[in-house]
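So this first bit is one chain, no partners, the form predicted on its own, shown in structure tokens.
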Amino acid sequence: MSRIAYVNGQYVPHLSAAVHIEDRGYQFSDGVYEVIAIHKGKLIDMDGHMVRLSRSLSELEIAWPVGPRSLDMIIRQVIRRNRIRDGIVYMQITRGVAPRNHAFPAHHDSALVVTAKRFPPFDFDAANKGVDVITTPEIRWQRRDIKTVSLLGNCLAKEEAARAGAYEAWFVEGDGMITEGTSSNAWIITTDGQLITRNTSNSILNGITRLSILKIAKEQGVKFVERAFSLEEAKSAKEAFTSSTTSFVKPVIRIDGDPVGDGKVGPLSTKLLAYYGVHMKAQAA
């Protein structure tokens, strides 16, 4: 847990960190966030996260609380003060404090919170263990491309997965097509070895780890296609995996209790995880 947090201009002990009861993030989920991995003291894919943060703020018309360069300094200061070598840094920006009213306030005083959390060092063997996912109906709003703090639908589905003993839940639209996981992007590998992940649109969040995997696949000559795929196609796939800042490449060996392929971690998933590990180490060098 973060020992020191940054809250609206001050570095404070985590236990006493607080925001105002009329912060619009608390009352309306009127805010955005980013989670960035830290490996050996270095931020992984920082530029991609900042680009996505900028887009999220722009889409919701939320002002930057500080400039991008100042935010970068704050993030690094939080990491330093918490002595994080491996873990994550979390930042949240809301529209700020105003009397409760659905319409936007006249001011542009955005609120900023930054925390950090320590994780064990990157462990390839632990990351390469297969997991189960379940599927659940897509119940969320139509702008899932914005990394908003409005995550109730995700929480409900993640709790459903936890109660089922599964690692993750994948959302399925009414037409049977998979969008993404509650906190990850969904991938399959077809019987002819083609890597498939859903194309970017308002339907999914364009994961930063997702983008890194696509770049790695291109560099390694792995054939891939960005398109929607169905639950039926996923269950008949040769391999499947999820990706995110915290799960990296996580092989999926069962979907709704049905084995994917031979029910074991597949070779391409393992290779992509290894390549991603190299990608992280290169940034931490």
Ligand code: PMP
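This structure is a prediction, so every number in the text was calculated from the model and none was measured. So that there is no doubt, residue numbering starts at 1 and follows the sequence shown.
FYI, the form predicted in complex with this ligand isn't displayed, but the following is about it.
Check: Which of T209, T135, S110, T115 has a heavy atom within 4.5 Å of this ligand in the predicted complex?
Finding: Looking at the other structure, the residue within range turns out to be T209.
Notebook entry, point to check: Looking at K238, H39, R52, R254, which is the one with a non-hydrogen atom within 4.5 Å of this ligand in the predicted complex?
Noted result: When this ligand is considered in the predicted complex, the option within 4.5 Å is R52.
Note to self: Is G181 near this ligand? Define near as a heavy atom within 4.5 Å, in the predicted complex.
What the structure shows: Residue-level check for G181: yes, a contact with this ligand.
Notebook entry, point to check: Even though this ligand is not shown here, does R198 get within 4.5 Å of it in the predicted complex, heavy atoms only?
Noted result: So R198 does not count as contacting this ligand.
Note to self: Against this ligand in the predicted complex, would S56 count as a contact residue? Criterion: heavy atoms within 4.5 Å.
What the structure shows: It does not: once this ligand is placed as it appears in the predicted complex, S56 has no heavy atom within 4.5 Å of it.
Margin query: With the partner left out here, check for me: in the predicted complex, does some heavy atom of Y26 sit within 4.5 Å of this ligand?
Written below: Y26: no, not in contact with this ligand in the predicted complex.
Next item on the list: Among 222-230, 59-67, 255-263, 242-250, mark the stretch whose residues have heavy atoms within 4.5 Å of this ligand in the predicted complex.
Entry: This holds for exactly one stretch, 242-250.
Notebook entry, point to check: Judged by heavy atoms and a 4.5 Å cut-off, are Y33, N154 and N185 together in contact with this ligand in the predicted complex?
Noted result: Yes: Y33, N154 and N185 each sit within 4.5 Å of this ligand in the predicted complex.
Checklist line | Any residue of 122-159 that, in the predicted complex, places a heavy atom within 4.5 Å of this ligand | finding: Sequence-ordered list: R140, K147, N154.
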